[in-house]
Structures are given as structure tokens and as C-alpha cells.
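First, one chain by itself in C-alpha cells, the form predicted alone.
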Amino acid sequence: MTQSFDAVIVGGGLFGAFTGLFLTRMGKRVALVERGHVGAQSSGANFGKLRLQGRAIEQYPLSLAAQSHWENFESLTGEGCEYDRTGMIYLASSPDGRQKLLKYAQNSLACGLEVEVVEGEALRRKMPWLAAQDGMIASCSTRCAVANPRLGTPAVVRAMLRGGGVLFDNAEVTRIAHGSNGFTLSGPTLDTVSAPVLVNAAGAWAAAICAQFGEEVPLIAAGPPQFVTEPLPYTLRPSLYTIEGDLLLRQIPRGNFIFAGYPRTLANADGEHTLVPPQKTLAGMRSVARKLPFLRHAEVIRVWSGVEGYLPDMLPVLGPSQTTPGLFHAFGGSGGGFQIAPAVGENLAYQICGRPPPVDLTRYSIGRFSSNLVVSEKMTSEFDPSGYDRRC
């Protein structure tokens, strides 16, 4: 027996979950299909950053719209996600890093984000716990925040279910057919579902759906090395990032320090996991100790990574298919998808309902890969060269 819906979303990460939530609030009957558990991949295994600094300038409208939703997450979903407006400090030590930081700060200010640039004695007064280095400079944003990624997606999905949406979890899709009446999906544990609209929010696995409909994309599956320390006295309120990428650090109120850093690691050949080489954990702790000497003896208690989808220009694919009416894409967060997810879901829902979205998504069209492929500087700096060269 076939169950019919207005839209079927493949992928139970944050892009799919928020799209489902906003569609249900626009009166659509929605099915969210997830082959495992909602939020179990990159949406639940990321660093938890709600970072506004350092975005590509063209992404600020989407990013700022998303931050407003995170700031009102409890009103939006009826639940909390440990949202905490901690602020964020960007650090640079090298001459190249300094120029990049100043450019990021200029872009942030031009887009309406308040940032403060400090260096020298002002930097030492503001961050006495930081190991002083000649030439170090920082930009500080008080609106940047963090949230618990393990809580976010389930809360959004439960809000969608309360609004009338339907969840099929542990339901792998192995067949997608397209005809005059729309899309029909089925799988070993998924009874047939159909809808005139299909949303491809399959994360690092989205390229297979694209290929089925004649849209090849150079998607890479990878993840950053991450670890968490033992609980320690609460010291670090803001998140701390280095422009050079060797340190992303935050401390949660329970006292644990959470670390992430680059270079990112390609996912296993099976595409199911991303392992963290031991040398990356050691390199991460050395970087932590250089910047925050009081953590040189901290114990690492858990190491992990996620399976995230990355595109060469480090921007997501959002919006309608170029080949198939009724097909919409929402994937390739490229390390920044957690923060922008609420605005992705909202704007995609507007498009699906035939209404102009609050933020223009033209820049994120899948059609951009039909011409010259541009590899972002972020891609080249955040990946092992053998990774992006081989896969792009």
C-alpha cells in the first residue's frame, strides 16, 4: 500500500528536519525518511558552532537569518538545545592570517555583525589565559554562539511530528522512481511512499540521488578530527578559533573542553565513518597547549569525527533541480551546515510552496557545477591535499 504526501524528504539531518518543520507549518503533509537515526551523522557529531565570523560574504544573509532562529530555538521547537551565546574569538598569528582576519572582520562589519579587533596590550588584558605571541591579533563577536548538536535535530523532528509530519527512521531508500505523478520511494524496511515533491537532504550521500537525475556533483565525504577532555574548572567562556585552522576550542559549562581542527580527514571507503588518526589527536593537543598552557596536562577522554558533505567552493547546494521538476536539493553544508540549517529549511520550504524565499538562494544552485569548477581557498587549506585533489 502506498502512502501519499505533499513532500518526501530523504535525510534526517538538520537540513531535512528544518525543511520538514517549516513545510508542516505551511500546511504541507510531510514524510521525513532517514536510513538510520535522525541527527546521527554530521548534524549530531559536529563541533556545535553557531559561528557568524569568517563566513563567505555572500552567505551572511542566510547565516544571519539562521542565527535569529537559533536564538529563538525554544519558541520555534518547544524544546531547548543548550543554546549559549558565548561569543567567539578569532585569532591569527601569521602575517597571512592577520590579513585574512582583517578581511573577515571587514566583511562581518559590512554585513551588520558587530566585531571588535584587538591586539597587543588590549589583547593580553582581554585574554589573560592566552599564551602571548608577537604579532597576534584577534577579532571578537558577541553574537556568535554554540549549541549541543546531539539535542538539536531530534528536537526539530519532534516539533515536525507534533505539526503533523511523519517520520520513517531506520528506513533506507533503495528505489526512487519518477513519473508524471511525482516520486515514488521504497526500500527493504520502507513501505512505498509517494509525493509530487522530493527533497534530497541526504548529506554526504546526496550525490547518488543527484546522479540518478542527471546532476553530477563533486561531493566529498569527510570530517574534522575532534576530541573532548576531562571536566576542568570553568575558564573559557567564548569559543576560540585560529585562522590557521589548527585550533577550534570551546568549554561547556560542565567543564569539558571540546576541540576540533584541520586538516579534515576523508571518510572511510564505505562512507559510513570517518576515523581520526592518532597523530591528529596528538597534534591537536599540542596546538591547545601552545595557545592555552594551562591545558597542557588535560586528559583526552573521547575522540570522534562525523561524515560531512563538502563541495569545492565550500558552499551548500540549495534549491530546485535543473533537470527534474519537483526535485529540490539541500546538502553540502561543507563544515558550516549546522549554523545555517534553520534558514536552509525555511527558505527551501518557501520555494517548494511557490513563494519567494526571504533569502535569495540563487547563489547555491546546483547549476553552478555545470561550468568552471572553482576550488575555494578554504578547501585547499582545510583538507589534506591528497584528499581534495583526488576527489574534486
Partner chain sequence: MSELHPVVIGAGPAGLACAKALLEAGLRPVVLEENPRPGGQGTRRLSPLMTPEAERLFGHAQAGATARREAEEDRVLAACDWRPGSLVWGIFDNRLAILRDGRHDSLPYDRLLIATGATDRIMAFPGWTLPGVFSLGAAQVALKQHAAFIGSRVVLAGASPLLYLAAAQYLRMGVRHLTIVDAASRAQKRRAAAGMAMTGLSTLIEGLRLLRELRRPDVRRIDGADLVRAIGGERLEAVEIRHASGRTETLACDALAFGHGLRPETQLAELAGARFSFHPQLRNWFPIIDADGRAGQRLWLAGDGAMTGGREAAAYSGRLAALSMLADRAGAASPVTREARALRRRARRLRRFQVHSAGAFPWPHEQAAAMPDDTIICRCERVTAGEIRKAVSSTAGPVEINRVKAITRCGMGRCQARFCGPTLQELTAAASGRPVESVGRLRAQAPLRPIPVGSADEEARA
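Numbering follows the first chain given and starts at 1. Note that the structure is a prediction, hence the values are computed from the model and not measured.
Another form, the form predicted in complex with its partner chain, is not on view; read the next lines as being about it.
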property	result
Partner-contacting position among L247, L167, V217, L236 - heavy atom within 4.5 Å of its partner chain in the predicted bound form	L167
The unique member of P95, P253, P278, G112 whose heavy atoms fall within 4.5 Å of its partner chain in the predicted bound form	P278
Options 268-276, 67-75, 316-324, 98-106; stretch whose heavy atom lies within 4.5 Å of its partner chain in the predicted bound form	268-276
4.5 Å heavy atom contact, R355 to its partner chain in the predicted bound form	no
Its partner chain contact at I301 in the predicted bound form, heavy atom, 4.5 Å	yes
Any non-hydrogen atom of A122 within 4.5 angstroms of its partner chain in the predicted bound form	no
Non-hydrogen atom contact E230 with its partner chain in the predicted bound form at 4.5 angstroms	yes
In the predicted bound form, residues of 149-163 near its partner chain [heavy atom within 4.5 Å]	R150, L151, P154, V157, R158, L161
